[in-house]
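Encoded as structure tokens, the following chain is the form predicted alone, with no partner shown.
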């Protein structure tokens, strides 16, 4: 058996040779998970000899990572907006830039007053309307879950065409006790939504153009679900068109529509929104790139 220090040195070299970025950091994450410890523990006890079970698991995980399987798929988890979420093949791995979509929603909803609604029975008085957000293409459920946990008066609907993705979203929904507040449906975009039934539409649709696919890192290109990342080959903006058209039907007046976009799609998506009566605003990510387009419904 190897000591913690020896295991880290060996693993870092192995992952470096495999072309993995930040090999030392990733070897620490994998080792800490295998030992059911944190990275501080590894630094404090470098001389500790690993037990057989942890060593064998570590070897197996490193072999998978050297094949460029994403770290999140190996450990089965990913942090998003301060939440540890279950991830697995079949759903897109949550990314830090998508947190900007959550921020956009939370900033908007914090300033929006919702009216008091009469129950129709004088003895019951009035209650505040319960607003509803729709996460179209919910994947792991990361967007909807982060929004609902930080906006407790809201309810949500997560829609995805993938049954595998919805299984993962259900795990995350149950983990955070949102079974009564987050409905999950298998559908394509907004086809099941009633007229004027939602107060906010959020979506991170596939926007990587087909010709860009081969330029992506192996972790993305070879492992993550193609349909969740790559736009329609013949019409790269098809998903946005369908969502915007659906929003005209399903979104309430003065509701929020917000999309994650790529650099190559931002301007064109903004034009589509403008032609459908929206006034798109842009939010930039930490690299200064256009990342979220949003508008208030007329």
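Please read these numbers as outputs of a predicted model, since none were measured by experiment. Numbering follows the first chain given and starts at 1.
A second form of this protein, the form predicted together with a small molecule, is not displayed here; the remarks below concern that form.
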Full three-residue contact with the small molecule in the predicted complex, heavy atom 4.5 Å, for 92, 97 and 205:
yes
Given that the small molecule is not shown alongside this chain, does residue 228 nevertheless sit within 4.5 Å of it in the predicted complex, heavy atom to heavy atom?
yes
Whether residue 220 contacts the small molecule in the predicted complex should be assessed with a 4.5 Å heavy atom distance threshold; does it?
yes
In terms of non-hydrogen atoms within 4.5 angstroms, which of the given stretches 206-214, 150-158, 70-78, 184-192 touches the small molecule in the predicted complex?
206-214
